[in-house]
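In the form predicted alone, a lone chain appears below as structure tokens.
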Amino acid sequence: MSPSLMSVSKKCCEEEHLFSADDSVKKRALIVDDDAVNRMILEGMLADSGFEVYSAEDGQQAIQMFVDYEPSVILMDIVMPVLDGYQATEKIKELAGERFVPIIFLTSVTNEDELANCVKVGGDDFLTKPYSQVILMAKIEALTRLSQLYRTIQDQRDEIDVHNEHMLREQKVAKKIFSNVVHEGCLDMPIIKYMLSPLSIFNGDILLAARTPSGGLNVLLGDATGHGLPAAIGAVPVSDLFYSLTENGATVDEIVLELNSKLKAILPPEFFFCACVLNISNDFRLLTLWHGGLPEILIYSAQDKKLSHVVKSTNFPLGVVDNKLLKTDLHIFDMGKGDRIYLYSDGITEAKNIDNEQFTDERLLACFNEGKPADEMFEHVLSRVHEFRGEQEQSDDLTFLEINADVDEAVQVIETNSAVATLPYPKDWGMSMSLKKQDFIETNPVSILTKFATQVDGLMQHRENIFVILSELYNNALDHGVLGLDSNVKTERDGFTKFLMLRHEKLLELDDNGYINITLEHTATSGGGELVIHVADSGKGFDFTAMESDMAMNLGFSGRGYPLLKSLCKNYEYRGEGNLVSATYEWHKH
């Protein structure tokens, strides 16, 4: 070593070092140079700065030492035997992969193209000889800090990846549980077509369908505030209540009030639940719906090939106000065979194209004014929406539902489970139930009696028929016997809503003398059995002897009730003052 180089090295070592050693990180430096003097100077300088130093005489040795010792910084010469600095740098960077290992070229080359090539092959900086050792140490310090920062970011990224993987596993499990709780019921019926496209893993839109005990269909479409898991949380109690109430034969307004009460209790003030709850009667001729906050409900005439009704929301969304302030205005429609009912969330009309324009209600309604056959309309509307969006990303949950009001298509075999009857029942049995004012308001005797009666082996397959008979007889006794309501109210404009309001008022005004007694008597036969239902009420009755020639005029039945009972019962008769009725249902084992 020349005296001048030794004095410079000594001076550099005696001065305060620019590089502060970090004892928590093992610092290793690799010097690659075919000149022994240069290696010696750099070894001393780096050792005094806290580095563990390794040296290589050519590029091939450098590659092996990189593999063996994993240096944190490399000082690289260009012109060397075996492998030059360019070749060694490319190989080392390839071996390093995602790990950042700074390489500084120290060279006597001054040609700009060759210096530029230092960076092209993966070098992070360069100095030309003779170089300032102070500047060299500053560059090493800067690149080492950058390397440490890079490692920290990688560690944080890896930690995030671990947490993200854990979160995805939890979300997968949660979604599985969520799907089991919020199952779609009977959305696989041939009369139903639907499209559900959530914006995230969890859907803020909820679509439920379930058969009623009478054989009709209840459907709920809901759109919760926001997206993802927070929006989906409310779906769990909604689903549970909807299926439970439907199974128990609750009416649309009863379902709405129960859902609103539950959501008002559990949702924070800023959350609400736009929804439509609808019922289609068991003959698929009558549609009853409640509409709160969703876009318009559309009814498409299969015969006329155009919209017959556009139903706007007239009620608050669920969870906004308590039941005293919530309106339960119902819309009632007669359906033609094959008419279609369409429900959708605002994600459809607010779908955006590449120019940030929305699909809008006008474009949607235009789809229904093109004279398409009813059986093509579902696919036609969705194709229009997809064409409009193009490649634009989805910005909201998308839900679109079609229901075909065709009873022939809706027929499904009700599966029974022989394990349902958990207690042995006698073949011949009887039971009675006495109901008064508070029972009329608080209980659902039809559901209770249906559940009891259909526990008998074989009768479960007749659950729909038994529910319909009990429901018709009980409602007849309550509405027209105990409360004295007139069915003709239902024929007026908005008559069904008026009838329900009158019913509610009469119930509240009823004195304690009102009653309904229901008795069930079952007798086994060789092929099944006979279930006789007796219903007596405290009403004034009517002159049934004068009406036997035209029982369809009976005030006790509303429109379709009489022919329905006539088709289901073996026989029935009125007694007393017309406030006693007996109906016999004959059943056979399948």
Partner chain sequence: MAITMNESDDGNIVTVKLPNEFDFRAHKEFRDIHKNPKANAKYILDFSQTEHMDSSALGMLLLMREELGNDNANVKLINCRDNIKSLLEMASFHQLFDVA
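The model shown is predicted, which means the values in this text are computed figures rather than measured ones. Residue numbers count along the first chain shown, from 1.
The following text describes the form predicted in complex with its partner chain, which does not appear among the structures shown.
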Quiz item: Among Lys91, Lys352, Lys506, Lys372, which has at least one heavy atom within 4.5 Å of its partner chain in the predicted bound form?
Solution: Lys352
Self-check item: its partner chain: the contacting residue among Val385, Ala209, Leu294, Leu298 in the predicted bound form [heavy atom, 4.5 Å]
Solution: Leu294
Quiz item: How about Gln358: is it within 4.5 Å of its partner chain in the predicted bound form, going by heavy atoms?
Solution: yes
Quiz item: Given that the partner is absent here, does Phe316 sit within 4.5 Å of its partner chain in the predicted bound form, heavy atoms only?
Solution: yes
Exercise. Could you confirm whether Val320 comes within 4.5 Å of its partner chain in the predicted bound form, counting heavy atoms only?
Key: yes
Quiz item: Taking 4.5 angstroms as the cut-off for heavy atoms, does Phe333 touch its partner chain in the predicted bound form?
Solution: no
Quiz item: Where does its partner chain sit in the predicted bound form: which of 95 to 103, 445 to 453, 267 to 275, 128 to 136, heavy atoms within 4.5 Å?
Solution: 267 to 275
